[in-house]
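There is one chain below, alone, in structure tokens, taken in the form predicted on its own.
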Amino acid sequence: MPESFARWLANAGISAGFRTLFYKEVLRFWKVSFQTLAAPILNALLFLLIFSHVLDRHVTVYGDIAYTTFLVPGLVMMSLLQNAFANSSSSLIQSKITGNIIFVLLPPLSYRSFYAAYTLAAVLRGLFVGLGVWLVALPLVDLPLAQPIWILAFAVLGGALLATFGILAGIWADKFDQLGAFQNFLIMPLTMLSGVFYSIHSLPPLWQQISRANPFFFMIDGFRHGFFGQSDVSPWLSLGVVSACFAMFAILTLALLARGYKLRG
């Protein structure tokens, strides 16, 4: 797949610098796909099997949707977001620690191409993992596809947001334990408290308001709307919040890359 993908990029007339870096980032996770793709899919499947066994007969959501059916889109999006963040952040911090970041910075590659290559590769990994979770869940759940355009919009935009945040984390961190702090104390809690496993309408009013301050909630709620045509808030509101967050983080990241902050010595 990577070789044919590289030929397609070349035939598309995309610049050599962007094409090479993008190909390198895709190849990086593809060569260890058992760890980067298969393992997250297995983790999501375990969540699905455990929660469905415990709660499926006792909980319904949006009136008549079985809990397992409700759970699958949340697990798909959670896996997509976490792996988009992991791809860009781990690649950047690894390059910084080993010193091979110099080989990315020396060529005449613009900071915009640098950002685009890391972000798109991370989004691609997230989409592969999300698609894998969806496919393994299909034999277990009868999952509708009410409005696929919303599914695609939130998958790509959410993946791009987390990939961008991963670049920011990789720029800021100087060692792996600092990056681990981002993952364990920010990404994981915000994901788990975003409505992956529940509808926020089941929460007390105070916690509903707190949940609405979590951008991950809007990503997952909008993504889920694409499957059921129902959600806790309007998908247009979710799209606006996610788009605004992405624009803010993208502008900040591009500004840091333009300065070479913590990358050029």
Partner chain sequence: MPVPAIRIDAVTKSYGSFMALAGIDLEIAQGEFFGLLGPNGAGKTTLISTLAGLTRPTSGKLFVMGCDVVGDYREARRRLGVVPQELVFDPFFTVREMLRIQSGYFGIRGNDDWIDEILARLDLAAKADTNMRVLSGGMKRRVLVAQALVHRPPVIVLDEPTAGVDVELRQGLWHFVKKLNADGHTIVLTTHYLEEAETLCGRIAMLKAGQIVALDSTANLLKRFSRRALRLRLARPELALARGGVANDAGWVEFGFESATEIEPLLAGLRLAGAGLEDIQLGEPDLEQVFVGVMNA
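Computed from a predicted structure; not experimentally measured. Positions refer to the first chain, counted from 1.
The following text describes the form predicted together with the partner chain, which does not appear among the structures shown.
Note on the partner interface in the predicted bound form: the residue among 148, 180, 107, 189 having a heavy atom within 4.5 angstroms of the partner chain is 107. Although the partner is absent here, residue 99 is a contact residue: one of its heavy atoms lies within 4.5 angstroms of the partner chain in the predicted bound form. Within this chain, residue 248 is remote from the site of the partner chain in the predicted bound form, having no heavy atom within 4.5 Å. A residue is said to contact a partner when one of its heavy atoms sits within 4.5 Å of a partner heavy atom; residue 103 meets this definition for the partner chain in the predicted bound form. Proximity of residue 49 to the partner chain in the predicted bound form: non-hydrogen atoms within 4.5 Å are absent; the residue sits far from the partner. Only one segment in the set 41 to 49, 230 to 238, 200 to 208, 27 to 35 has any non-hydrogen atom within 4.5 angstroms of the partner chain in the predicted bound form, and it is 27 to 35.
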